[in-house]
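Structure 1 and structure 2 below are two forms of the same protein chain, each written out on its own as structure tokens.
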Structure 1
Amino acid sequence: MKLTAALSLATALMLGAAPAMAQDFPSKPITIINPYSAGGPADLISRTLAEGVSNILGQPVVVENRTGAATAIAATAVAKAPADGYTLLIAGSPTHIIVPALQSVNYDGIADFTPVATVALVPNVLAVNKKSGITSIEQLVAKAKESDDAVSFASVGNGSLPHLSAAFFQIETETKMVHIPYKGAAPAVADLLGGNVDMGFLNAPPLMPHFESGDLIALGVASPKRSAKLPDVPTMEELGFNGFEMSTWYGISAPAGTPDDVVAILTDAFGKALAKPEIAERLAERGVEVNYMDNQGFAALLARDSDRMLGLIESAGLVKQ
């Protein structure tokens, strides 16, 4: 025993010494900080995974909702937390790319974090009201070409994914549309239903009952693959929009400098949890799709997303505050 301990101590010293040894990880509860409020998709994802990962790692995993400042409060907390793998963030393009690009924050969205894994995806769907008479992308584009303010689109805030998706759409179709921002998805869906706003690239789950009742029409899915819940709706890619990958993805990030072996344990645990059918099923009930990529896949996604989002932010004319 003593010998092994001495050996591993020596190895650790030789390797430049991580303070916590990976064999011991995790030796205390892990906290997942969720930048979104209780009850939303991120809450479901974090709580479902907390339970799954806790069973695998044998330590409690707690979820803490730290809302505010468009995710910057949660992201700052994790960026400044000790890099030991015990504090994790529910990450997305807002935390890592959009918010640091638009607000003055005390962290760097890429350099201050270590990607652990991507976990889930909520498809964003281009939706229009049935009463608008628009039933295809071509009709929508034709209407938008009539004049610069013929079509309005809903978003959930300045610089939000629905806003940037519409910016993308406007570039590709060479149109100009009126941006109507809302505080969250619920009022946006209400106005879309009431016919007060023409279209929106919005999260699919709150729209589903209205697609089923026929009041809203889904024109395209902003994901690389069709959604299992909307098998008949083509992807934007199929409709001729190359690289239109604008769905809401969720990942898990740790503070920068988290030891590689700790990250490996976490990546593996999230992968195993997501492979369980009961977890996928619970997420699917709410229209959340499992989207697992390991830490390298996640890092590649971040790099790709960062280029695209920054370009869109610029073309939408958004400036840092």
Structure 2
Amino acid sequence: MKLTAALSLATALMLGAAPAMAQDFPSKPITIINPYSAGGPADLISRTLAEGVSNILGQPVVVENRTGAATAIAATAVAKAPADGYTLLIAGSPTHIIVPALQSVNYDGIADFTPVATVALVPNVLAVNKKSGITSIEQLVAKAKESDDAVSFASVGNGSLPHLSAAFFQIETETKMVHIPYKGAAPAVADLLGGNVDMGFLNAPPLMPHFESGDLIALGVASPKRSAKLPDVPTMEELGFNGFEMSTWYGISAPAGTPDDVVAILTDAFGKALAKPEIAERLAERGVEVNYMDNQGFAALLARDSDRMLGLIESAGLVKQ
């Protein structure tokens, strides 16, 4: 009887411990690690959400930029961090799918992470410098066909979605261009403005002020529908490029093994933050669309996107370095 009573007490204590763990989280600051440089869309999204999530959870949420190795440095840091919910990654196709497929990394893009939530969708826009004299896709393609090094394009790193977007464009137009990778959107846009690079399929947010000033020209939007911030710019589909859908999604990931109750708290907090009108408006002003899915929806997105991106990598003839 004593043994039975002891086992019953132990079971009750164990059952009571799980909710207690969730109730204790978070008890200290949370860090979101951003693989890209300051000033880019991932930085805007993570810092905007950090404020909202901090207010909901009652703990500071800090954004830390760790650039390098085409997002692999940041992704490795999160994959190897304690699985306690206090270290998160602002993630996308590059961190989970593209970079692990194209270079040797110290993590598995799927198995070493726990999806928390998707948070945003950003269209990639084909932009050129006004001084280039190029005002249409036809003129860009004609220039690229002059020689294999006639046109250079900017990306935010090898294996990034802007890189794959340009690779896809070259396949579709039967051209070859020179790839110039940068550590983030801000330096890529700076060189595009300076005329040091000819074009780029870059995220809309850092481009918007320069479209408005007229220093850059948007030739096409690589999303299923026109951007609300660029209603007069046709989609790549409208321009005759069937299936050219290369929007950038952003999500929040935690290390694999993060407790389910902690993930549930984080998923809920990001969902509530994105539902706040002031946060959605702040993102929309810069061309960022709210795109919330819970952890299960995020996991399904990863599976679909993995098939699509790996197929594109194969079609583009890109090989692992």
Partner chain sequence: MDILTDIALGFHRAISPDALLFCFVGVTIGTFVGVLPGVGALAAVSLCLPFTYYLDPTVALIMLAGIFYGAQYGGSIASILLNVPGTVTAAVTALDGNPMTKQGRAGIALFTAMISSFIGGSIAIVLMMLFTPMLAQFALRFSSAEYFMIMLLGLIAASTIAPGSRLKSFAMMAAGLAIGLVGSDLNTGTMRFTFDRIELTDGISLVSIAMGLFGVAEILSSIGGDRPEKIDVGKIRLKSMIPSRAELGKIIKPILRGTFTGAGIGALPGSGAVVATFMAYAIEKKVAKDPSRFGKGAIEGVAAPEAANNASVQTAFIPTLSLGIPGDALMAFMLGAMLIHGIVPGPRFIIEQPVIFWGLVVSFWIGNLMLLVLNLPLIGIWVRMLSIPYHILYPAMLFFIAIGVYSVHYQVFDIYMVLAFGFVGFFMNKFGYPAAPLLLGFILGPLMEEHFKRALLMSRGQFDIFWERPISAVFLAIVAMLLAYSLFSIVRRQKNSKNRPEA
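What you see is a predicted model; the values in this text were computed from it and never measured. If you superpose the two forms and keep the largest set of C-alpha atoms that fall within 1.5 Å, you have the rigid core. All residue numbers here refer to structure 1's sequence, counted from 1.
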- Shown alone, the chain in the form predicted together with its partner chain appears as structure 1
- Pick from A75, V122, L49, S155: which one is at the hinge where the rigid parts meet as they turn between the two structures? V122
- When the larger rigid part is superposed on C-alpha atoms, the smaller part turns between the two structures by a whole-degree angle of 26
- Can you give the CA shift of I180 between the two structures, in Å, with the two forms fit on their core? 6.8
